[in-house]
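What follows is one chain in structure tokens, specifically the form predicted on its own.
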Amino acid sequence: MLEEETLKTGDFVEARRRLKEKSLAATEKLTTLAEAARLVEDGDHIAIGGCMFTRTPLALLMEILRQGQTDLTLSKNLMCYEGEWYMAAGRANTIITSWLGIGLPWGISRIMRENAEGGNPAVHYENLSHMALGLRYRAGAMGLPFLPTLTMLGSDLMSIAEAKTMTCPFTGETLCLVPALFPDVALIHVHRADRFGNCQVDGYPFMDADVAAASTRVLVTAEEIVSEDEIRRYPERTLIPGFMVDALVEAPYGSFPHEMHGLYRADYSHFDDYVDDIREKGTGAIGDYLDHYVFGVANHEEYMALFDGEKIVELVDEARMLVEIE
């Protein structure tokens, strides 16, 4: 975590100081997946880009698991099964999200449910509304201690989330105040980037721009590295400017078996198998999955070799077909 301790809730003064110290120079950010993951340290708060099983930075998340960083906080707007991995491996002690699971057809995370119902003190859950979590990232990106909102008022989430209330000085109405999030590290996967770290995304941007702006360090994987001229040709697609990025890795299929808009569709059959194993064997099946797909391979290339190449071609064709229809 650099030399500082993890920021306290809403500590916007220290967050501004950290970000002010970052260099704005246009320097090359290219590195390896292993080197990028080494920028994550024990105790860090990791904010994860993407949404559910779309554009998840899985290659980075897997490499961090291989390296062994622990005592981590994970936050993401709609978290997929990467949250399960870190809990099952004993690497995360805090989860901040509005959902944890692959999606409605597969149900919520079983290990989260068992930990919550069993009162497991090893993992702390902070559950917010989707809007509230987005506003926490937005406040961090703006360098503010909090933002006012109406979301969560009147719900049990107010007693779970780090939120407070105040009386609006203009209307007299009650407002919910959600504190800013200032993650130590942001992990984001994008469609393309140039060597200086200017990143572009096709399709929904989700909360990634705010996540990057709120974080002290930003680690990015890209499906491809392109020229600066290519980035300048479509400036409206640039979601994250290069000066925010600390490390950039070219990682084709860096989100697989999750999806990338226009590049490859998610492998739903893989999700089915993953959930079926947990239903049959219990949460210990998550450890078996990690032994095979994460710890049983040395790198992302070996990981991708575990999948059926013909199936990947089908998923690529389906994703491209949807873009052509658009």
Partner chain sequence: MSIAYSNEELLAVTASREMVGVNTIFAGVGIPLLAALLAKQTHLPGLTIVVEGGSIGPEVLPGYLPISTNEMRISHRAQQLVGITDIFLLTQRGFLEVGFIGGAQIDRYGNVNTTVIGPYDKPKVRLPGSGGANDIASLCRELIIVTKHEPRRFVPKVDFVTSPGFLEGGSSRRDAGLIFGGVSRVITDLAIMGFDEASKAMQLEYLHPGVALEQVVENTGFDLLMPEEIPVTEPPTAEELEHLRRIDIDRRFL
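Numbering follows the first chain given and starts at 1. Since the model is a prediction, treat every value here as computed from it, not as a measurement.
Although it is not shown, the form predicted in complex with the partner chain is what the next lines describe.
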Is the gap between residue 61 and the partner chain in the predicted complex 4.5 Å or less for some heavy atom pair?
no
Please determine whether residue 200 contacts the partner chain in the predicted complex, using a 4.5 Å cut-off between heavy atoms.
no
4.5 Å heavy atom contact, residue 93 to the partner chain in the predicted complex
no
Mark residue 52 yes when one of its heavy atoms lies within 4.5 Å of a heavy atom of the partner chain in the predicted complex, and no otherwise.
yes
Let me know the one among 244, 152, 88, 231 whose heavy atoms come within 4.5 Å of the partner chain in the predicted complex, would you?
152
Identify, from the list 226, 141, 112, 72, the residue with a heavy atom within 4.5 Å of the partner chain in the predicted complex.
112
Checking a candidate spot here: are 128, 131 and 259 all in contact with the partner chain in the predicted complex (at least one heavy atom each within 4.5 Å)?
yes
Only one of 246-254, 116-124, 80-88, 182-190 has residues with a heavy atom within 4.5 Å of the partner chain in the predicted complex, and that stretch is 116-124
Within 86-106, which residues have a heavy atom closer than or equal to 4.5 Å from the partner chain in the predicted complex?
98, 99, 100, 104, 105, 106
